[in-house]
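Consider the single chain below, provided in structure tokens and representing the form predicted alone.
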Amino acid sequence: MKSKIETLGLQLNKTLDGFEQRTSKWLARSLDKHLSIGITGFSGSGKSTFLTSLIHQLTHSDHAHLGGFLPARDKRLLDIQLLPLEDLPLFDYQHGIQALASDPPAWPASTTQISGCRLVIEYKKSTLLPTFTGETRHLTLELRDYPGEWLLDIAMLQQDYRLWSLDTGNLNNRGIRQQLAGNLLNELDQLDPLASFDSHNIAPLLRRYHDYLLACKNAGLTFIQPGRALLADSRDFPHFLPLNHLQHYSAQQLNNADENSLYKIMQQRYNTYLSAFVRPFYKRFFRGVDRQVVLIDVLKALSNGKEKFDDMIVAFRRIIDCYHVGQNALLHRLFSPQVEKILFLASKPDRILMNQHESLRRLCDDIIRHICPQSVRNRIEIETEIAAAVRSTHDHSDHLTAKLLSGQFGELTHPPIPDQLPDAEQWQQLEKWQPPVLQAPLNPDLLLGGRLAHIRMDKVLRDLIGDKF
């Protein structure tokens, strides 16, 4: 058995090691040699594929066709090391590349949990003037990948259970949600918030409400809370549901409700969810990100119709509320880094003709202009771009050719892509169009460092990290 002195010594060494790691990171950040980048987006937006491609393009930049990213174009990237982060599971880059290199090719597995990696980039300085620090530099990139559904939950931190119930109840009683919920809404209406909690009666309702949330996701809706209910680990958090008609009760009635009442139990579970899952994620990961990439499958949203498109805009408007002012003052950057830049990225533009790419970029910019007030733009650098992390189609004058996920090869056409929020006539043109689910291109050389075809990943790298070289 270790003595108390030995135990204290081990604890002190561990504390000093942690302090040394944090100090090293702070110093690197102060010298612009350390950058933490968050990568997120809702299910199906292509996060895992994007991160796999980004790592591959940097690692094999000498032949990756990155003309818009000057350090790669000028062959100043000398070495890239892929390392784990001390506080996150390692992003499985190798598994993603092996999937893309298989025959038939497969897409990297979807993001359901937070993961990350560290890229240590050795590069040659752009100046030819000799300095006492040598000709090479190192930039450390922290890449943090997490589901966009987690961001939606951060917006819940601004609401207590009563307000969340009122907002969610109003949402559930409209449009597509009302149709999907069916008789569930009638059963929720009959619940008495002040009645004693009966687990036997509530348990089936909780399961049905969870199924309803999944049905909303499968129907193409985006603004769904709690977001973790949509992911594989949804059984791991306290289950709760909104109670309808809370507007008919005064704050005093609800506050004085019995501790075993339905209202108090649901309130407790809601608060536990925020304290056990949402707030730790916000404090530990989200606020530690310097720059953020938010992937948006704009084309899928267009094909889902106006109601679902508008629902996506509501979701991203709530996400914008989660971001704080980016500050570059030295002490602030050292001890409390916050998001200073957000890159909204319309993913998978290879499903439309290249002559429509600029329309897609302008549409993405118009979406962000509607959800992001100028007051936020004045404080955080907001950029929009389009990029296909992996290009799967061949462009012709009036159609595309590609392999579908089924393995069939065919020609693809699509209606004109609007360059701003669609009007009634454009919605009618888009009504019967569904962007195809494509198979990744056959590329067995990837495991040997072969080139991974892309669209505008060089522009993404330029916007994201180009100023650090």
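The model shown is predicted, which means the values in this text are computed figures rather than measured ones. One-based numbering along the sequence shown.
The protein also exists as the form predicted together with a small molecule; that form is not presented, and the subsequent description refers to it.
Although the partner is absent from the chain shown here, 146, 351 and 438 each have a heavy atom within 4.5 Å of the small molecule in the model of the complex.
Checking 416, 68, 422, 44 against the small molecule in the model of the complex, a heavy atom within 4.5 Å turns up for just one residue: 44. Using a 4.5 Å cutoff between non-hydrogen atoms, residue 107 counts as a contact of the small molecule in the model of the complex. The small molecule in the model of the complex is not approached by residue 114, whose heavy atoms all lie more than 4.5 angstroms from it.
Contact annotation: residue 392 falls within 4.5 Å of the small molecule in the model of the complex, judged by heavy atom distances. The closest heavy atom approach of residue 368 to the small molecule in the model of the complex falls outside 4.5 Å.
With the partner omitted here, the stretch from 384-392, 356-364, 173-181, 218-226 that lies within 4.5 Å of the small molecule by heavy atoms in the model of the complex is 384-392.
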